[in-house]
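Have a look below at one chain only, the form predicted on its own, in C-alpha cells format.
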Amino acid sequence: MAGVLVVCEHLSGGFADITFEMLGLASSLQVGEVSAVAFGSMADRSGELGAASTVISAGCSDDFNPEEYAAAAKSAVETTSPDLVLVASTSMGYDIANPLAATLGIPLIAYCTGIEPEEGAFVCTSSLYGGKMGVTSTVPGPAVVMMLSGAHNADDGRIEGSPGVSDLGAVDTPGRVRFKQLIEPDQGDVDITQSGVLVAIGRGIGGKDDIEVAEELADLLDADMACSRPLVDAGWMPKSRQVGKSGMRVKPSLYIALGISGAPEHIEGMKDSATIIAINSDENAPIFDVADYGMAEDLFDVCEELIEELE
C-alpha cells in the first residue's frame, strides 16, 4: 500500500491532541509510509511530528480558512497518493474532509474509532447515535476517514524526530472565504481532560446550594469537579466542566458520578475512564451499565459518610 496521510489540526499555536492520535494510529496500521500535512508556520514544528516520515508544508495562513485548507489537503493527497487519509472528526475537520472526498471522488467514513487493514482495503468502525450503535464499513483505498477524538492514545503519536519536509507551495483557492477573527470560549480554571480524578454531578444533586457537598468530597480526594449538561444549562456550572458528547471527553483514573442518570451523550464522554463509581438512588439508572462499582443510595448520605471517613 502507498501509506497514510494525516491532516494535522492545530489551534492557538499548537498541534491538537487528535493530530497525535491519528499519527499513532497511522503508524500502528503498518500499511506503508506515514506522512503528515501541516498548515502555515506549523510546518516549522515538524520535529514534533516524528511519527511521520515526511511532513508536507502547505503554504497557508496560520488562521483556519476552510477553502484554503481543503485545497491544500487535496494537493497533498495528489502529491503523495496515499491509500488512506486521516482527518479529525471536528468542526475544522468537517470543513476539510467533505470537500476533499467530494472533489477527489473517493469514499468518506465518519465518526470512526478504529481501523484495521484487510487485503488491500480498510475495515472501519464508526460510533453512531452517541455511542449506542457501532457500524463496520469496509472500503478500498484511497479513502478519507474522520477519526473521533479520544478514541486512541495521543502519546503513541507524540514522538519527536526529524522527518523530511516537502514544500507544497502556495495554495490557489477561489478566495470566497476571509478570516476575520477567532472568538475563543471563556477559559475554565481547570482542564478536566487532564484530571486524574473527577467528581461529577448531575441533576440528582438537587439544587445549586447542594453542590457544596460534592465540592467538599472533591477537595478531600484532591479531585476536580465535573458535571452533566443539565447543570451547565441551568447555569450552576461552567461549560468547561461539562462531560459528554457536547462537552469534554475525559479518561481519568477515577470517575465518581453523583446523581447522574447516564444519558448516552454523557456516557460517550466518560466511558473510557479507568474506574467508574456511580451513586444514584434509581437502581435502574443507565449509568450502572458502565460503572465498575455502583450504589443505589441517596448520594448525600453516601457523600457524608465518605467525607467523615476521609477526614
Partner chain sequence: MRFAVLLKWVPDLVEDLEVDDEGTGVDTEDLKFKLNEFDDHALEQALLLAGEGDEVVALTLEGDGAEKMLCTAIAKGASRGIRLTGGSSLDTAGLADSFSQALGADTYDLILTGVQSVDDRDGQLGPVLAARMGLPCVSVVSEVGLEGSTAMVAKEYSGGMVAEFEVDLPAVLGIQAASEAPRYAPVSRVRQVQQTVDLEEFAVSGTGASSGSSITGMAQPESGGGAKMLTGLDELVEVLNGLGVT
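Numbering follows the first chain given and starts at 1. For clarity, a rigid core is taken as the largest C-alpha set superposing within 1.5 Å between two forms. All of these numbers come straight from a predicted model, not from anything done at the bench.
Absent from the display: the form predicted together with its partner chain. The rest refers to it.
Quick one: from 177, 165, 190, 121, grab the residue that has a heavy atom within 4.5 Å of its partner chain in the model of the complex.
It is 177.
Only one of 154, 71, 213, 110 comes within 4.5 Å of its partner chain in the model of the complex by heavy atoms, so just point that one out.
Looking at the other structure, the residue within range turns out to be 110.
Does any part of residue 83 reach within 4.5 Å of its partner chain in the model of the complex? Heavy atoms only, please.
Output for residue 83 is no: heavy atoms all beyond 4.5 Å of its partner chain.
Is residue 40 a contact residue for its partner chain in the model of the complex, using a 4.5 Å heavy atom cut-off?
No, residue 40 stays farther than 4.5 Å from its partner chain in the model of the complex.
Proximity of residue 48 to its partner chain in the model of the complex, heavy atoms at 4.5 Å
No - in the model of the complex, heavy atoms of residue 48 and its partner chain never come within 4.5 Å of each other.
4.5 angstroms heavy atom contact with its partner chain in the model of the complex for residue 194
Taking the distances in the model of the complex, the answer for residue 194 is no, it never comes within 4.5 Å of its partner chain.
From first to last in sequence, which residues of 85-111 have any non-hydrogen atom within 4.5 angstroms of its partner chain in the model of the complex?
Residues within 4.5 Å: 91, 92, 94, 95, 98, 99, 102, 103, 107, 108, 109, 110, 111.
Rigid core fitted, then: does residue 57 show a CA shift of 2 angstroms or greater between this form and the one not shown?
No.
After the core is overlaid between this form and the one not shown, has the C-alpha of residue 158 moved by 2 angstroms or more?
Residue 158: C-alpha displaced by less than 2 Å between this form and the one not shown.
Is residue 299 one of the residues whose C-alpha moves 2 Å or more between this form and the one not shown after the core fit?
Yes.
Closer or farther in the model of the complex, the Cα atoms of residue 245 and residue 19, when the shift from this form is 3 Å or more
Compared with this form, residue 245 and residue 19 lie closer in the model of the complex.
Work out whether the Cα atoms of residue 221 and residue 150 come closer together or move farther apart in the model of the complex than they are in this form, the change being 3 angstroms or more.
So the answer is farther.
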